[in-house]
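First, one chain by itself in structure tokens, the form predicted alone.
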Amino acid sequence: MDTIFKRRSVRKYTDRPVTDEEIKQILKAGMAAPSAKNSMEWVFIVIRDKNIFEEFCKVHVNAFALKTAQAAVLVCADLSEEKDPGQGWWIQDCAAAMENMLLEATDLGLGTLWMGVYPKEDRIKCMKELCKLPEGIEPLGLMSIGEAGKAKEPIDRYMGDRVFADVYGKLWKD
């Protein structure tokens, strides 16, 4: 559980490079995620090109973490791999992969930030063009990676007033 509480959104990174081995560990964690009907339709684009970072910042005002990031991973889905086409399960599958990757990076001592791409049309179009995604490859989100510029304390966001027993409105006693 420590890794879960230590995972924080990082928006400024040091100059320490992120190694290929670290990225591979992060990708392996993403591919260990559950997926609907075991579709595993995810596709990952490892990005180190600062020009791509700069261009994406033009369409995503909160992507400024890319200015100091050492790497990023674009999490996409290959829609031709869906076992239940058109149902949108790829969104949950890719989100689970992204979360696993965020946690693995934290475990490796790295900072990350999840930047949403889907469902914003301008962001989708931008990433499809920048990363030359073919038809049927749909981007979900972009994760910046680097050594955190400053330490952040672990956080516990538990809110007992949002946990109900059996029906909405009947608080669960914790």
Ligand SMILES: Cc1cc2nc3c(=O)[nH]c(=O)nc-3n(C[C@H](O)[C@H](O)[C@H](O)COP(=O)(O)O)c2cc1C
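Computed from a predicted structure; not experimentally measured. Numbering starts at 1 and follows the sequence shown.
Same protein, other form: the form predicted together with the ligand, not shown, and the subject of what follows.
Of the stretches 25-33, 103-111, 57-65, 43-51, only 57-65 has residues with a heavy atom within 4.5 Å of the ligand in the predicted bound form.
Interface residue remark: Met115 is counted as part of the site for the ligand in the predicted bound form, having a heavy atom within 4.5 Å. Taking the partner from the other structure, the ligand in the predicted bound form has a heavy atom within 4.5 Å of a heavy atom of Ser9.
Using a 4.5 angstroms threshold between heavy atoms, Arg123 counts as touching the ligand in the predicted bound form. Taking the partner from elsewhere, Arg157 is found to have a heavy atom lying within 4.5 Å of the ligand in the predicted bound form.
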